[in-house]
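In the form predicted alone, a lone chain appears below as structure tokens.
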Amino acid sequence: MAVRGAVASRSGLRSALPLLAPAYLWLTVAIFLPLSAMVFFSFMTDLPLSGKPWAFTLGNYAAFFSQGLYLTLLLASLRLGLEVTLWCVVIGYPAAYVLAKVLRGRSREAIFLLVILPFWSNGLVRIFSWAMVLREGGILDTALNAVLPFRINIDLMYSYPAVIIGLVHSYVPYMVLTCYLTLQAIDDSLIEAGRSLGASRLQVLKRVIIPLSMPGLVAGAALIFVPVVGSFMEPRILGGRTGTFYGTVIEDQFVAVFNWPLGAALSFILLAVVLVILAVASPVLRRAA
């Protein structure tokens, strides 16, 4: 029986190989080869393409530990990722619950369309749209002054709250979608059973709905936290001078300073830190899920 199972699994693998080959080929070309090149660059004194003499060195990684600025910016980026993730949970989870358990029919389809609408537009378009809303004399400032009997001045551009707003708007759909899938899978009879046993709505939420939907919360938090820590477009455009984070420094090394070895080293340090955080948090998240 064991021999038959091994033969069957091998034949199944052979039949699936033509279907898997394009995906793995694309992963190799688009992900692993560029990452391998970046690893190689991070241990070099200069790019071999520049024509200058180069050698292998650990100085790019040593620069992170010798200059406290990089560590300060990394901690600021981690804090930014946590805050954006928290706001996405606060905004996205109730929206997902309403979509999954309250709305029905075309109203659900219409709200669901509004949730995924940011995916249909370019990231730069979304960011510059917020710049038009948040700046002095912008849409928000003009609308409030048209309604209120007194004059107020709202200028959130080039501030930390503007960065939070832009990032939350970009990533909250991930939280809504992941939580919607888990909430939709919860049987309504479980909620009705809790209510029939005398539990309040808050108790049903705490003891039934949230525990069963925790996999969606965990998945959404991971999908948001990881890219936000390394984000640079929203902090650069909406934050101005206050939007200097670890991701913007990495972008500067590649685009402005043209110090690719240092930029690659800083990128892999960020990758290592995020992987360590996820590895440490995984037992807790696994029990929660």
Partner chain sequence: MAGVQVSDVSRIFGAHKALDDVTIDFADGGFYALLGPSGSGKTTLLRQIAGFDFPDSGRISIGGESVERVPVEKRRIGMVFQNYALFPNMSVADNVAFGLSVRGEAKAVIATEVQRALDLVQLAKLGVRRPHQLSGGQRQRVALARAIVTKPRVLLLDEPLGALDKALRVDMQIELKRIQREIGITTIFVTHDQEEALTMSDRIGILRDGRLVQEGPPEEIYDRPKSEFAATFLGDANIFRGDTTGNGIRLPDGTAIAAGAGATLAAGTKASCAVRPERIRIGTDTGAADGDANMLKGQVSKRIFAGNNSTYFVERAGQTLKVIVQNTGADRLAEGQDVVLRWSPESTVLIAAT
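Note that the structure is predicted; figures quoted are calculated from it, not measured. Positions refer to the first chain, counted from 1.
Keep in mind that the form predicted in complex with the partner chain is not shown, yet the notes after this line are about it.
J.: Under a 4.5 Å heavy atom criterion, is Arg207 part of the interface with the partner chain in the model of the complex?
T.: Yes, Arg207 lies within 4.5 Å of the partner chain in the model of the complex.
J.: Look up in the model of the complex whether Leu114 has a non-hydrogen atom within 4.5 angstroms of the partner chain, and give yes or no.
T.: Leu114 lies outside the contact set for the partner chain.
J.: Would you check, heavy atoms only and a 4.5 Å threshold, whether Gly194 touches the partner chain in the model of the complex?
T.: Result yes; Gly194 sits at the interface with the partner chain in the model of the complex.
J.: Answer for Gly123 alone: is it within 4.5 Å of the partner chain in the model of the complex, judged on heavy atom distances?
T.: So Gly123 does not count as contacting the partner chain.
J.: Could you work out which of Leu82, Ala199, Leu181, Leu140 is the residue within 4.5 angstroms of the partner chain in the model of the complex, going by heavy atoms?
T.: Partner contact (heavy atom, 4.5 Å) among the options: Ala199.
J.: Between the options Val133, Val98, Leu71, Leu212, which residue brings a heavy atom to within 4.5 Å of the partner chain in the model of the complex?
T.: Among Val133, Val98, Leu71, Leu212, a heavy atom within 4.5 Å of the partner chain in the model of the complex occurs only for Leu212.
J.: Which single stretch, out of 141 to 149, 82 to 90, 185 to 193, 160 to 168, brings residue heavy atoms within 4.5 Å of the partner chain in the model of the complex?
T.: Only one stretch qualifies here: 185 to 193.
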